[in-house]
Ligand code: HEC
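A lone chain, given as structure tokens: the form predicted on its own.
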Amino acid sequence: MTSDLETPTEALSDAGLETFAYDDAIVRKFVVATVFWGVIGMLAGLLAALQLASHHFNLELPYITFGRLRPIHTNAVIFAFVGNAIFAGSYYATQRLLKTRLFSDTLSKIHFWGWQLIIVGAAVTFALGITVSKEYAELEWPLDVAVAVIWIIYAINFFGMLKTRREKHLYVAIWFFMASIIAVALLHVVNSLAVPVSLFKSYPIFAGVQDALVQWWYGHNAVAFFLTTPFLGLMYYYLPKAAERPVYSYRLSIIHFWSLIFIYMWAGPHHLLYTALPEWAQALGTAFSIMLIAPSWGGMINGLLTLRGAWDKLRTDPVLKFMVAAVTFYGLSTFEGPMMSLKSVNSLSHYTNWTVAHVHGGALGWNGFLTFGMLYWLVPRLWRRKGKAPELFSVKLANAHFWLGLVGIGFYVLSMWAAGIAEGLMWKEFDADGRLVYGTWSDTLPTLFPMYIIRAVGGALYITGLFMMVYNLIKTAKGADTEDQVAQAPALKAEVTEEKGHWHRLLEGRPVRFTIYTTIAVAIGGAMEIIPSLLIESNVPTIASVKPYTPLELEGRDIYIAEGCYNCHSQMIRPFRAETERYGEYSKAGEFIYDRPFQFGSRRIGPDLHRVGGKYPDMWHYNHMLDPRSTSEGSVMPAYPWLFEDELDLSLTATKLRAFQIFNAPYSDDDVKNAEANARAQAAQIAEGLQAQVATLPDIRDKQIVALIAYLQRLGTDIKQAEGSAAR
């Protein structure tokens, strides 16, 4: 790897060399954005953790209830904090590896400001309840389009540097950046395909089981190609720089790259084990998940062994501490993930806090620590003092940040592991008479509350370390120079491209061919899973009794999604005795053919709702939404008083039914024409029934709550239930 130390302009006068300046200004912007959004995203996460420890932290404000706050937290951390770190790190590294300035200063600025506006737009829309509800892909269609445009701009700027490069060889970090750009574009476009019905509402073109498969193909690979492969690119650049050692093994990096990008795309179905997804897809996801261990650990070993001969430096250098810990967390997470894809383990871990522990071990340890290490290395070089070597304001403060963050992760992950295993075991426990020991959801909550408090403490410690870093970086940058670094390199000669050598070296000298092969490796796994699922009709057998939602139920479903109820409640009963005893008949693929988007869920903070229809009277739902603790003692669910005050908007109901006609839902033209009238008639029936029980109740026929009650009472009723829980 070539040196990127600053070089005075006046010293660059060697004959035959071209003098140019790197675009460090845009890197500095992305660094600042990374730090800013890191603070915002993690504070949102801390508030969400406190809301689970005590319902009082919901404050009964619609904009920051857990259901709306969780996507704000996840998107702020993933796409704002991590996303800006990727852009900062890749722009800095790629310019120096290719010996060229960014392809276009204008595109760089559009990229930066466009991405920040998307983040702000996401935060505002989620707070307002405007969401698609698909995990890590909650943005509504206008913002989805904006993401695609900005990502294309990033791709043009990145691949444009390959054209203007002065260095023939494409270093391993660039391979991972290339694969990430290609894969994220593919994933985002396919998963975001939808039919808009208004500026802030759309329905995905896929439904039910098919939508779930496409979403978790995206969701798993968003982790793969947004949270992993670009960070591997950062690891391969910044870890050797910090250690002042070359990468341990070039051959291992080749194996790591090609095997990882090929295998990752096949593993998405392991998020849907024991669901209504076809068995062949579940088995395929599990098999490829296990295979992921080998390339993932190959990358971890390559990173850790790069430090050979630098162990003394590791004792004192906080940058290396963060990076070594990050690579270790990467190895741990990429072992735990495949283990959780084994059906025997998944039956215990899925829907529990164990999954939360797994995700945050990777996010806080791998993504967070590698970003912190990169920032501690980058900031002294981006904000330089003339005549002085890059120097951090306080090494002691950075070391304190490391240990505080590590302890915080320990508290967080260990508490959630304990909570997850406890949940999984309690859900399945029967007494000697064959009855569920924990018959109601509230029975399990007292066991979890202490661990929720420890989780919040761990998060607070981690964030305290983050604030220490913010102070340290501000002091490091204060008063420093912000000029673009000037460098020299010879122009790349065309005849050099015919140079012979190792087969992979030859491929690295041909970026177009390299990109084509990378695209094929990335795309084949998704195609082999998704295309059969979409084209083979027998994969989703129909059920004659399953009908589309009534207009009022459809509006209620949209309110359910807007309030983020899917963040706490699943709608997928797995074929376990404990679940069928507790919730009812297990879920069938054909029941979800009109669900756009699907609502299988990935976490149970409350009970599954797939068979909740008819289980309780309308009055129970009325009271439950007004004061959850009046019906469910000890519940952490927030109250929703605004649903009893906000008007029910039916102006788009007919348009929504018309959109479902495009999807071949059996709505007649009369159904569309009379959609609003039919919705109001059903609302009046529910409202009058409530007032017949309690005459003093206000009339809710024009309020949002009536639509939500209609939807909840419909869930799971298409398959008729006999006495007990057996389907007829």
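All of these numbers come straight from a predicted model, not from anything done at the bench. Numbering starts at 1 and runs along the sequence shown.
Beyond what is shown, the protein has a form predicted in complex with this ligand; the following relates to that form.
Listed residues A44, I26, L52, A679 were compared with this ligand in the model of the complex; L52 is the one with a heavy atom within 4.5 Å. Proximity to this ligand in the model of the complex, defined as a heavy atom within 4.5 Å, singles out one entry of T580, S259, Q488, S442, which is S442.
Annotated contact segment (heavy atom within 4.5 Å of this ligand in the model of the complex): 629-637, selected among 134-142, 185-193, 629-637, 84-92.
Contact check for E563: a non-hydrogen atom falls within 4.5 Å of this ligand in the model of the complex. Remark: G526 does not count among the residues lining this ligand in the model of the complex, judged by a heavy atom distance of 4.5 Å or less.
Remark: Y616 counts among the residues lining this ligand in the model of the complex, judged by a heavy atom distance of 4.5 Å or less. Interface membership of H621, defined by any non-hydrogen atom within 4.5 Å of this ligand in the model of the complex, is confirmed. In the model of the complex, the residues of 699-714 lying within 4.5 Å of this ligand by at least one heavy atom are, in order, L708, L712.
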